[in-house]
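Quick setup: one chain, the form predicted alone, written in structure tokens, and binding and motion questions come after.
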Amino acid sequence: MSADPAAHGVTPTGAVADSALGRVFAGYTIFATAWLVFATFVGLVVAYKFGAPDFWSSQPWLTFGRLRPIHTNDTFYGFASIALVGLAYYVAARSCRTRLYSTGLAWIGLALFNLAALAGTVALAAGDNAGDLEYREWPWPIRLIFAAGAVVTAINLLATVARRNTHDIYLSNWYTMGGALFVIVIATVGILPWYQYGLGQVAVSGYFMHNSVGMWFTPMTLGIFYYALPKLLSRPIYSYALGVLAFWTNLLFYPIIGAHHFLFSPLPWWLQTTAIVFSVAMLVPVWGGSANFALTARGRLGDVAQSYPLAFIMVGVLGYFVGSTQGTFEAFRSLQAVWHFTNFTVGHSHLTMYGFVTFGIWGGVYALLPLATGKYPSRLGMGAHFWLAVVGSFIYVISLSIGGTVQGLDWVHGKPFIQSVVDMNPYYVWRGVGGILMFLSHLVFAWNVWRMTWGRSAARLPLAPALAEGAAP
């Protein structure tokens, strides 16, 4: 197996990829962007309600209890899932030097994902849900639609790699195929009715919500990193062996750690302890993978200042390292006693899903979509998007991390619950400030996607300094 994506499907002239693949990639990106804007607008309304609970509460569908799951589910399954599948298709076809196995299946998968997200949004707004099952609030028939889209995606992705015109399977495809296969397992476990009651439901909830991030979004995003980062730097990944180690150790340790969400619950103590031990073991793939990316970019970090696609990806790498390491420490019982059920966990989830996954998606789109469509965003547009998102997410995560710690210490010290609400108020204000900046960045991203697809292209600009020097784009 070659560790250099330049050896897998990159033409020396940088020709635009085949038009069918380009249309699929663009289609997935456009719909994902639409869901991003919608879901985060809903999230902004939800954040505002913490400071003004009566805001937009005249109708049942505008209440917090209905808007919050709309925000989370549409972010997960409308934005992130669709965007990552579109990127994975492009990476698979180009790295395997072949065409996508079936553009028809790709469009069917996109239709199923959109149908599930639309039906789920309507159902949640109408008050029809599966109960307090985090990230599983959609009624089960709607989750079946998403599962069908995941099956179609897995078939198409694996068949594309199977018909490759290279001897080896590039490292990116190990990660994306692993994510595409495991999400079917996750969806199946989340739908089967036999354990959806009592403690069984608690255990399944921990399994589902944690593996949705760790065994679907994480490997898909890392697969994009392993393709886009070496491509932008025009150098091979630092270590193929380290990438394989991180892949298999992530697969070994991650699936069991969801139980650390339910420490001090009636779940068996041994299961909770096992989840903590495996959470510590997750430092192996996290630090190994992060080191692999950092060593690939060593000596070239100055290029980040000249390449926004690189900047987005490197922020994503940092978010992966910091957020996942934070998750390990958060699993300890001593720290859970302070942070559990506080806004600290909300900050943590945004550090991982936003600072890691979302920045990774943006970096992949800016690096690869122009190659698929032949259209480019402006440097000003990418810069505005980057800085609004970085500053906004920093304010958001830091404010909730500090506020959540204060909140938890209030509870530990036995203060009245209302005191923790009062103490959180200024941090809710800062959360709203960060959220506004983040949402504005999404509007800029939508404009940039327009320029890379249907709109007027900006003047062609190199994706990275290495490419400006004549390397294959």
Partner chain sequence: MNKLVAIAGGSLAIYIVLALMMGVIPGWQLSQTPPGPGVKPLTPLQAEGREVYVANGCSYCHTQQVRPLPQDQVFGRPSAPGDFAYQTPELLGSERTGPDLTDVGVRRGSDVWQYIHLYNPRAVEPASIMPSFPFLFEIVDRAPPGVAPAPIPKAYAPAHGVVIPTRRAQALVAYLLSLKQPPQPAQQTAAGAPSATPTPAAAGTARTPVAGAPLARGKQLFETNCAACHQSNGRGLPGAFPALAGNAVANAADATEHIHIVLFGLQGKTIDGVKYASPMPAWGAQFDDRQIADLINYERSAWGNHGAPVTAAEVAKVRAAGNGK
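Positions refer to the first chain, counted from 1. What you are looking at is a predicted structure, and each value in this text was computed from that prediction instead of being measured.
Not on display, but discussed next: the form predicted together with its partner chain.
Although the partner is absent here, residue 268 lies within 4.5 Å of its partner chain in the model of the complex, judged by heavy atoms. Among residues of the shown chain, residue 428 is one whose heavy atoms approach its partner chain to within 4.5 Å in the model of the complex. By the criterion of a heavy atom within 4.5 Å, residue 162 is counted among the residues contacting its partner chain in the model of the complex. Remark: residue 298 does not count among the residues lining its partner chain in the model of the complex, judged by a heavy atom distance of 4.5 Å or less.
Site annotation in the model of the complex: the residue of 277, 181, 398, 284 reaching within 4.5 Å of its partner chain with a heavy atom is 181.
Here is the short version: of 151, 346, 118, 291, the single residue with a heavy atom within 4.5 Å of its partner chain in the model of the complex is 346. The stretch among 100-108, 197-205, 217-225, 362-370 whose residues place heavy atoms within 4.5 Å of its partner chain in the model of the complex is 197-205. Contact residues in stretch 159-185 (any heavy atom within 4.5 Å of its partner chain, taken in the model of the complex) are 161, 162, 164, 167, 168, 169, 174, 177, 181, 182, 185.
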